[in-house]
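One chain comes next, on its own, written out as C-alpha cells in the form predicted on its own.
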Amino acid sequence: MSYSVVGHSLPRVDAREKVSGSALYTGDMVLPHMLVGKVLRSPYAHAKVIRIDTSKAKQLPGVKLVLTYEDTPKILWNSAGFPPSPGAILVEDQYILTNTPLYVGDGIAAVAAVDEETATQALELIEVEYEVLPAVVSMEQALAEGAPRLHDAENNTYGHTPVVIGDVEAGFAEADYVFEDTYQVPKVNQVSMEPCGVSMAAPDMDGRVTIWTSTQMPHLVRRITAHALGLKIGQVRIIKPSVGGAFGSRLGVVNEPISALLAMKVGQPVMLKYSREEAFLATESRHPMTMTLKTGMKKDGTFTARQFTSYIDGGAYATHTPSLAGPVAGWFLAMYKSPNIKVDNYSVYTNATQCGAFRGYGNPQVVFAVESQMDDIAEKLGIDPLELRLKNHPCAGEVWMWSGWAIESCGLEESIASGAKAIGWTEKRNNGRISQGVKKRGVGMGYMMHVSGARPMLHETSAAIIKINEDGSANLNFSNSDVGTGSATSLSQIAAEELGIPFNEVMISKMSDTDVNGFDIGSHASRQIYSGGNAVKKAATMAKEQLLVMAAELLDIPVEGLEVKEGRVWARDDSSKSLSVAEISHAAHFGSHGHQFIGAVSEEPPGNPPVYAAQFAEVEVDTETGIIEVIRVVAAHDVGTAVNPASVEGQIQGAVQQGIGYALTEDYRIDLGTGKPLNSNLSDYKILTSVDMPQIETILVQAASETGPFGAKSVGESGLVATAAAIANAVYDAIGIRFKELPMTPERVLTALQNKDQ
C-alpha cells in the first residue's frame, strides 16, 4: 500500500541540531551553583572496608560533601529497568555505595566539590583500609567446589530458568544423528558515543529532586531511583534530553541514585559524569555465556529433540541476569520447530564488572551457537544450509514459542532468497577450501527471529498525546522519544500520515519529562515504532475524529462523507468542497465551541509480531597472519513496513558494525588473578571504525504485520543478532575450521590452523 508520508525516507527531525553541534546533552548542562560529583572505586575485586577516613577530603577547600556507605539509605535495590511483570525477576542485592566491594570499580565513597580538579583531589585524600577477600572472577572459579560465596548464593548460582516440552530423551532415542557442542561468547561493552553514566540532580525546596539523565527509560529510572532513596515516586522527576547512543547500556539506573543523594544532602545541583574508563568499569556490559547444545535430527533434516544448557555470567550484582535468562530460553525455543525441547539456564555471580542489556538482549549469544551448529548439521546430512533452515523455521499462522502467540506475517523465505542471490551463494559456496594461495574466501549465513517488544513477559505501556494547533500544525508529546535511533522521525511520520497533514507540520517533543509525559516503559526490546507507533497512531485518530466532527458541522456534510489528506478535509464525493485543517482548528479554538482537538492514549500494544532476518557474509581469511577480513555483508530483513526506509537501513548497518566487532575483535578482558579489567579504554578495546567496515547491502522485505502501525514491526536490534554466526559460518566455508568461541582473533585462527595441520 502506498502512503503519503509513511514509507518515505524523510530527513531526521533532529538532523540539524545533531550535525551543527547544538543538540543539548546532559553533560552540556550547567545550573547555578552546580557542583561536580566523583566516585571513589574499589581497587580490589572482593574486599571489606575495615576503616575509611574522609576527614582530609572534607577539609579540602572547595569540597562540599563526602558520602560513604554509612551515609546512604540501607535499602537493597536492583538497577535493571523492568516494570513489575511475570517475566521480571528482580533480585535486589546492591546499595548506592558499599562497604563490601564485589568487583574492581565498585563504588565506596562519593564527593561533591566546586570543580572536577577539587573533586579528584578529594578522592585521593580519602583513606581506606581494606581486608582483601578471595575472589571468583570467572564462572569457572565461581562454580568450582569450595569457591567463596557471593551474596550467600549456593554455588554462586542465583537463578535457574528451566523449560521442558515433550521428552527430549525419547527424542534423542528416535534421532538418526545426535549433535552436541559447547560454545563460548565474551563480555563486550556497548561503547556508546556518549559514555554511559551522565546525570545531573537538583533538589527542590519541597523535598523533591529533579534528575537530568541520559537514559532509555525515564519512568522506570524514576521508580528505581525513588526506591533506592526511600522516596515516593512522585518525589523524583526525570528529564531526558538528547542521548548520545545507548544500545541497552542505559536500560535502567546507572548513577542517578548517587547524583541525587549528593544533591539532596548538599542542597545544590550536582553533575556526575563518568569518564570512558568509568563507563567500562561501573556500567553494564553484554553477558558472557557458555552454551551447550544437544540436537537430535532425522536424516531428512527434521528435529526430534533440542536441548540447551547455558551458564550466564552476571558479574557482581544480579541486575538483568535472572530476567535475561527467560528471553535467552525464548530465543532458543522460537527459532526451530521440534516436538521435544529442554532448556536449563543458570545465572552466576562473579567478582567482575556487572552485566546487563546490550542490543539483542541475549539473542546474539544464542544465535551464534544455534546457527553455527545448524551449518555443521547441514554438512553432515548433505543438505544445503538454506534448505535446512527453510524446512524447520516457524512461519505465519504458527505459534511462536517466544510469546505463545500466532505469527502475524513472515518474510523469511523472501529474505533468504534475496540475500542468497545478492551474496552469490550458489557460485561462491564451498570454493574457499579448494582455492590456491594463502588467502581463502568463504560465504556463510545465519538466520534470526526477534521481537517487537517484550510482551507477554513484560508490560509494554506506551503513551502519546497529540494536539492540533489553531494554525493546523500538531504537537506530538511522546513519552520516551529518540535515544539516537531516529524513532522521533518515524513516530512523526506515523502521526502525520494518520492526521492527513504534511510531515513538517508535526512537531514532536524531543525531551522526555516524567512530570509532563504519560507513563512509558522505555526504549528497549525494539518496541518504539511498534508499541509507541500504535499509541501515536491511535492518539492521532482520536484528534482526527474531533477534527472531522467540526468539519462536518462547517461543511454541512456527514462525517462519513469526509476525509483528511494534504492538510485539508475534503468531501469524498465533491472535491470542490473542502476546508484546510487550519481553518477548521481555528474555528474550534475561537468559535462558539472553544476547544482544541486533542488525542491522548495510554495503552499496551496489541501484540508482539516477530521479525526475521537472513544475514549473509563473505570473508577472506589470511592463513599466514590469521586475519579475517569481512569483505561483504548482505542483510535481508523482514521489517513489516519500513516507516522511514533510510532510517531502517541505517539501523541495520549500525547493528551489523557491532555484530562484526562481536565476531572478530571485541572482548572485555578481566585479569583472572586480580579481577582488574585489562582493556577498559578505547586504546585497548578494539571497536571497528569506518575504515574497517565492509560493503553492506541491506534488503528490506516488507511483510506487513496485522497489528503494527501501518504494518510496521521492529528493526532496532535484529541487524546485530545473526551477524557473528554468519561470519563464523563463512570462515568455516573458507578454511574448514569451526570456531566455537568468540571473538575469532588472528591468534585463535593461527592456532587452529596449526592444530589442523598436525
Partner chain sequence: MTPISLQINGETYLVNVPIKKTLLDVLREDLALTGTKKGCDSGECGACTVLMDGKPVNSCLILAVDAVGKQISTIEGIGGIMELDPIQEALVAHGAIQCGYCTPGIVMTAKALLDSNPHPTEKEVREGITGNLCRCTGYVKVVEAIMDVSRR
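Numbering follows the first chain given and starts at 1. Just so we're clear, the structure is a prediction, and the values are computed from it rather than from any experiment.
Below, we refer to the form predicted together with its partner chain, which is not included among the displayed structures.
Residues within 4.5 angstroms of its partner chain in the model of the complex, judged by any non-hydrogen atom, belong to 641 to 649 and to none of the other stretches in 87 to 95, 145 to 153, 493 to 501, 641 to 649. Contact here is defined as any heavy atom lying within 4.5 Å of its partner chain in the model of the complex, and by that definition each of 16, 191 and 657 is a contact residue.
For residue 276, a non-hydrogen atom is located within 4.5 Å of its partner chain in the model of the complex, even though that partner is not displayed. Contact annotation for residue 575: none of its heavy atoms lies within 4.5 Å of its partner chain in the model of the complex. Contact check for residue 55: every heavy atom lies farther than 4.5 Å from its partner chain in the model of the complex. Mapping the unseen interface onto this chain, residue 430 falls outside it, with no heavy atom inside 4.5 Å of its partner chain in the model of the complex. A single residue from the set 545, 300, 117, 204 has any heavy atom within 4.5 angstroms of its partner chain in the model of the complex; that residue is 117. For the options 241, 322, 472, 195, the one in contact with its partner chain in the model of the complex, meaning a heavy atom within 4.5 Å, is 195.
Residues from 26 to 64 that approach its partner chain in the model of the complex with a non-hydrogen atom closer than or equal to 4.5 Å are 27, 28, in the order they occur in the chain.
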